[in-house]
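Below you'll find only one chain, the form predicted on its own, shown as structure tokens.
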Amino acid sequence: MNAIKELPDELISQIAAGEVIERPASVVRELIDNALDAGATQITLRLLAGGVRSIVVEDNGTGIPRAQLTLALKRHATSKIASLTDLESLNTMGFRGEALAAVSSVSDMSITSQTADQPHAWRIDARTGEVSPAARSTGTTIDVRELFFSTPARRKFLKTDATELAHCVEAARRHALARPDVAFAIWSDGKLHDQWLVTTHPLARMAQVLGDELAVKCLALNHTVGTASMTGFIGTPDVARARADQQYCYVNGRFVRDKVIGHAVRQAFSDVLHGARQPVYVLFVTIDPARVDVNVHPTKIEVRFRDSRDVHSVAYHAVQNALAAPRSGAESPAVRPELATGVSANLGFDRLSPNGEGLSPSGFSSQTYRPDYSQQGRLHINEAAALWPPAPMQPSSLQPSSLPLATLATNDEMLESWTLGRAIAQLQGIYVLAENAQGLVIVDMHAAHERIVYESLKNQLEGPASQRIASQPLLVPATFAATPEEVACAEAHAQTLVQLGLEVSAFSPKTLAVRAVPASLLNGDAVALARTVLANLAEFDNADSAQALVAQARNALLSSMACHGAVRANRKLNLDEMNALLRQMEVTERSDQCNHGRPTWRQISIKELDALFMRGR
């Protein structure tokens, strides 16, 4: 066994660099962190060969005095913390004092910097330590050449230049989204790759960085729970992606990947996304620095919360509330025609605050937008509920409301106030066609009604009064031949079935009888509904199955129940029934998607219809 001995400083630095510097993008991240901490308002990134040959970061920050240039290259030398107290209340991006030393140990690096009180800039060569006069304005330029030249084994693990460039741009993009007050320019092999100008609003920066389409189809949110608050934007389910490549989360301005926040967002999106689609979001969590530990990972991309429950709650409820307001109910933040023609150019604050209250100092709407359904001509939620669902065997059973739909459907003013317009026809027993001020609306009848029933069941189960779904006894019980497993499950979970509005009991050793069903599903197939619920209950075979079902899998079960209870294809509806469906969609939360994440309605504008027939050409 070799004798124990101290490692040389250069080897120590190279070992430490292996934790901090993984690829060129790691260098970009660390250098931009330093530039932002120096108060820069303009940052320029220049890359050659994807950053492998050269990375140059220029900023107009405060600069580094000549006397501190040598010290800046030493390990664990920093101006950002001086004690453990400072570490526990960080308000800077960097704090370890390792970045410059780590980068210089695996590359050929130089720093050129000038402060406001110096007559000229000074340049230090990291390899030799030589300091010499240089020319540049106030700020700092860090030039990193031939990354990993001293550790060729690490260089072999790098990908193609195009791949490394993409990672470098992504590192800059993460900073740019959090700092709309800073201008960024990215040059690649002598050509301008991206440029993001200073803007006064985070939504405008999001449009610059992620594209105008996403900025048009996003929802603002603002929510506080306990010590944590969240602001930001989420993309509507329509812009969800196959990959999770547009998910940006920041804690006190620092980009992080956090499991707590990620789980909360996925849970809030769970019943509005189709299949394995991934939501798009840019979220900013603000929390007391003393209640979050950023000194968890060398790359500073992970954090640990002292009150993770508060953080999970604020993220879940912020996203859930933003998704709840149906875009079919009123003009929502997601509908901004002006954004489609150059959102990044100039955004007025009045356009971005649908409640008319202006914006908070953070730049986000001061409260989550909720549509107002009290306008004249809109049916009250109770009136709409009375009109739906229609009895399947009695099409004429629709009860008139206090404001007849037939009268409203002929009023042009009402047409303007209804986002989904007035029904004009039914297509193939599947789609409802409606006319509104913008043109043609196409509604998937089953998907829309499925969401309405689902939200109704959830509201009943969450109600403070009974914590159970209202049930309706059947005049003649529906019996069916059951397996031994189904009989055992019905007996074991009788109380849970009552909570769900179902009464299923043994009719004989091999037969079950459905004696009551949820009132909102009275017209559905009672036997199919009971079989589906029993199959889901069978998955919970532990002693706490009832609690687990209600607390964890309730929504999935209610979704299955709603699917069975929703109106089916080929069911013929009259105009009053179709209008009742449209009105209830406008007052039902999350009615833009069905329980499985499919869209429930689509708008086709007059302009799009004109294009189909080449009108005006």
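One rule holds for the numbers: they count along the sequence shown, beginning at 1. The structure displayed is predicted, hence computed values, not measured ones.
Below: the form predicted together with a small molecule, not depicted.
Colleague: Does the 4.5 Å heavy atom contact test between Glu30 and the small molecule in the predicted bound form come out positive?
Modeller: Answer yes; at least one heavy atom of Glu30 falls within 4.5 Å of the small molecule in the predicted bound form.
Colleague: At 4.5 Å between heavy atoms, is Thr78 in contact with the small molecule in the predicted bound form?
Modeller: Yes, Thr78 sits close enough to the small molecule in the predicted bound form that at least one of its heavy atoms falls within 4.5 Å.
Colleague: Does any heavy atom of Phe305 come within 4.5 Å of a heavy atom of the small molecule in the predicted bound form?
Modeller: Taking the distances in the predicted bound form, the answer for Phe305 is no, it never comes within 4.5 Å of the small molecule.
Colleague: Find out whether any non-hydrogen atom of Gly253 is located within 4.5 angstroms of the small molecule in the predicted bound form, and reply yes or no.
Modeller: Contact with the small molecule, no.
Colleague: Exactly one stretch in 585-593, 33-41, 571-579, 47-55 has heavy atoms within 4.5 Å of the small molecule in the predicted bound form; which is it?
Modeller: Contact-bearing stretch, as computed: 33-41.
Colleague: State the residue from Phe95, Phe507, Phe148, Phe480 whose non-hydrogen atoms include one within 4.5 Å of the small molecule in the predicted bound form.
Modeller: By the 4.5 Å criterion, the partner-contacting residue is Phe95.
Colleague: Within 4.5 Å, heavy atoms only, which of Ser107, Thr140, Ser456, Gln320 is in contact with the small molecule in the predicted bound form?
Modeller: The residue from Ser107, Thr140, Ser456, Gln320 that makes the contact is Thr140.
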